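The chain that follows stands alone, in the form predicted alone, written as structure tokens.
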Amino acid sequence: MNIPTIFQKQKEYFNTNETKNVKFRIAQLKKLKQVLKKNEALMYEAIYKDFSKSEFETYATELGIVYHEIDTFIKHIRTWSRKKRVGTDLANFPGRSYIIPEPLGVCLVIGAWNYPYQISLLPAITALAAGNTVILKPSELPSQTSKMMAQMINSNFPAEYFRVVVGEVSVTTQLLDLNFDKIFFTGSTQVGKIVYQAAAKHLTPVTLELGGKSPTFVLADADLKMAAKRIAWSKFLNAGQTCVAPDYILVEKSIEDKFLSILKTEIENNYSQEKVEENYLQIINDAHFDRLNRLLEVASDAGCVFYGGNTDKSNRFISPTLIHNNSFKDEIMQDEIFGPLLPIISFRQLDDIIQKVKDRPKPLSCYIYGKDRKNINKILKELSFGGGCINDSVMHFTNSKLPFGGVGSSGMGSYHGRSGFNTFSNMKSILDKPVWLETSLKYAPYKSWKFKIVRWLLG
């Protein structure tokens, strides 16, 4: 079945109104969870072949989050789908006003490669929970996981409801030519612009989950041992291939040396410097390895590698690496790193370093380690970013009650939990008025006394 045919069949199926039935949605979500559970072992095997991701990390960062989101929708979908009464103004008395959530229609979800199960399935599940049909295009880079998702979904769900389409860039281009009711894309800012331009031809609403250089502030009064522990874990999780990972550290000058020493020890205690192991992953492919290795070589030539820097191209391995004494002008500070290289820049004045961050594109995330609420609130107030944590990193992503998304060049729109349900829904506004009462106020001929009353009613 070719792509235009799948698209047309989904249009026709959506118009039968079957997917608007809440019982149907819940049944499909339960079925999907059963399918995933049944195929867990095969999913672990596939992702390990792609970039040596362990079962522990796959469950903790991918499948566990997917299961939690499915359960969240099963629990709340009835409530979220009901019409909601809202107040009615005096001008429309004695009417009633309410909002009806309705699905948008046929949705395209384009996934990313770094968390191939989670980032593909999570928005697809959200779209299905809201009552849509879905065509899912996972990234082609982790080829085994893409094939695994296609095999699972396509053998258990009809193409007119939920279909996984695999392939290279040409397949994505073909999909973007179609007039979808919603497009959800996760990936780079550069490709996000291409998706946005394609959607504009059809006036298709788009949610873009992009990236950016997410800063981490380590202030003088921070708990340095806990900061180092949480930063090291969140940065080197998935070998740094995480869109919300700390991209660089801004550490107060007075604690710089102490923090570097503690951070180095934390890495030494948790990660091998020689090989990929249970606690650590490969870089996704040779192209990404070469890109990261070139940044590492530039830093090494400048004498900025404080710790790490070991590589093995045959296994696509780059050890956790701390890069010190670099500046905002360095090449590694120009684009999102998306790998296990962590630049560290010291500062003396908080105002000055905040301004330097403000001069850059708005990041997807920001993390602040410290105790003084005045300084913490100053950063929160002055910097614009998608989301973040105080005295932690990355973990805001796991709370389905927090909308997840970017701002500016790090993205637009959000999802997770109810926010995701709203993203894939149209909130239809209804004014319901009786016919037993009608005044002459809004009708001609217009009189001065009518004008006074209208001004009073509309304020």
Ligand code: NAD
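None of these values were measured; they are calculated from a predicted model. One-based numbering along the sequence shown.
FYI, the form predicted in complex with nicotinamide-adenine-dinucleotide isn't displayed, but the following is about it.
At least one heavy atom of Gly111 is located within 4.5 Å of nicotinamide-adenine-dinucleotide in the predicted complex. Contact annotation for Pro320: none of its heavy atoms lies within 4.5 Å of nicotinamide-adenine-dinucleotide in the predicted complex. nicotinamide-adenine-dinucleotide is not drawn, but in the predicted complex it has a heavy atom within 4.5 Å of Gly187.
By the criterion of a heavy atom within 4.5 Å, Ile194 is counted among the residues contacting nicotinamide-adenine-dinucleotide in the predicted complex. This chain is drawn without nicotinamide-adenine-dinucleotide; in the predicted complex, the residue among Glu252, Glu336, Glu160, Glu266 with a heavy atom within 4.5 Å of it is Glu336. Of the listed positions (Lys362, Lys137, Arg230, His324), a single one reaches within 4.5 angstroms of nicotinamide-adenine-dinucleotide by any non-hydrogen atom in the predicted complex, namely Lys137. The stretch from 302 to 310, 377 to 385, 112 to 120, 74 to 82 that comes within 4.5 Å of nicotinamide-adenine-dinucleotide in the predicted complex, counting heavy atoms only, is 112 to 120. Interface residues of 31 to 46, taken as those with a heavy atom within 4.5 Å of nicotinamide-adenine-dinucleotide in the predicted complex (partner not displayed), are absent.
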